[in-house]
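Given next, in structure tokens, is a single chain: the form predicted alone.
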């Protein structure tokens, strides 16, 4: 039972981290390599909120707002001028990742940081005691996925986003403001990345380079899932579950590479569409 809960809660963590990257990839058609840096920003926003003795739940909203604001700045000043050059956007976002990490390092240092958790207790399930926060985090992941799905399928904004995903040039020809769609999408992706960092903070040690492994895993999961939220959920559950099992029964170092290795195998043998 503990193993099952570890798998589903870790899958929830991966899903929260990857969903923002998936939205940006699906609509903007770029790989945002600054996604990990936005996650780190959210984590440090939570650390600052803890130092100021703010409510931990309020810290989540602060992290979301900071991520959206930073995403708006990046999209307007960095990505928009080079939107038509995909390779340049990849290089630019990776360079931005380095800049953000170095700025955080200069201000906070390289030492581990910690933040207060909104929930510190445990619950009993069938005689098993398990972290209440990890279960709440799983519910949040389900809620975020459901909310994004509802928006994409039932609202005009979602219809416009799907039109841009299918054919951006045709959508632009029909009068859709694709520049605004791209702007809102990137802001949302950055905000979700920062929110993910804030949610993960009570479970991990916060340091400037913490976003790298999460970025790599999220990147591989998005490549496997494509632009489907359902496929992303399945990928996080199966590949994340494999990582938990390998780390538990094998070598933790090898476990950390499980998602990357399995993703490469899947992509290698996937039948072209």
Partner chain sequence: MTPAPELTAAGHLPRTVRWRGLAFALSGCTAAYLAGPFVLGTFGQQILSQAFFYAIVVVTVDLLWGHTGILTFGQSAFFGIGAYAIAITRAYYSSGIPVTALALIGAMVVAALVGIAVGWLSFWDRASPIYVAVVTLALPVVFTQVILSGHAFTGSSSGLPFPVPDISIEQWYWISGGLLLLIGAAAYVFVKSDAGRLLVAIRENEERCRYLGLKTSRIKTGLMAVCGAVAALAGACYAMFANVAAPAYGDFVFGTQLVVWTALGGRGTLIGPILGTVFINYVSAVLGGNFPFVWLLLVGLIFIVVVVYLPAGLAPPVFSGALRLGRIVADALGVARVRAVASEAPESIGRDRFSVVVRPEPAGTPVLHGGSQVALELRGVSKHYGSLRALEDVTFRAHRGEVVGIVGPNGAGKTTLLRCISDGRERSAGEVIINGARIGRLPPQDGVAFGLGRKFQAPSVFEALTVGDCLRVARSYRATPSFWRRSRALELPEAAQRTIEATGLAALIDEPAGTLPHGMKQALELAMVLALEPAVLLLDEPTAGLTSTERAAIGAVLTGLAQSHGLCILVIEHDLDFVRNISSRLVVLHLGRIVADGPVSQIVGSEVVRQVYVGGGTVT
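Numbering follows the first chain given and starts at 1. Note that the coordinates shown come from a computational prediction; the quantities given were computed from them, not determined experimentally.
From this point on, the text means the form predicted in complex with the partner chain, which you will not see here.
- The partner is not drawn, yet in the model of the complex one stretch among 28-36, 236-244, 62-70, 48-56 has residues with heavy atoms inside 4.5 Å of the partner chain: 28-36.
- 106 is the sole member of 157, 170, 106, 143 with a non-hydrogen atom lying within 4.5 angstroms of the partner chain in the model of the complex.
- Although the partner is absent here, residue 91 sits close enough that one of its heavy atoms falls within 4.5 Å of the partner chain in the model of the complex.
- Contact annotation for residue 223: at least one heavy atom lies within 4.5 Å of the partner chain in the model of the complex.
- Although the partner is absent here, residue 216 lies within 4.5 Å of the partner chain in the model of the complex, judged by heavy atoms.
- Taking the partner from the other structure, the partner chain in the model of the complex has no heavy atom within 4.5 Å of any heavy atom of residue 118.
- Contacts of stretch 70-105 with the partner chain in the model of the complex, defined by any heavy atom lying within 4.5 Å, are made by 77, 78, 81, 82, 85, 87, 88, 90, 91, 92, 94, 95, 96, 98, 99, 102, 103, 105, listed in sequence order.
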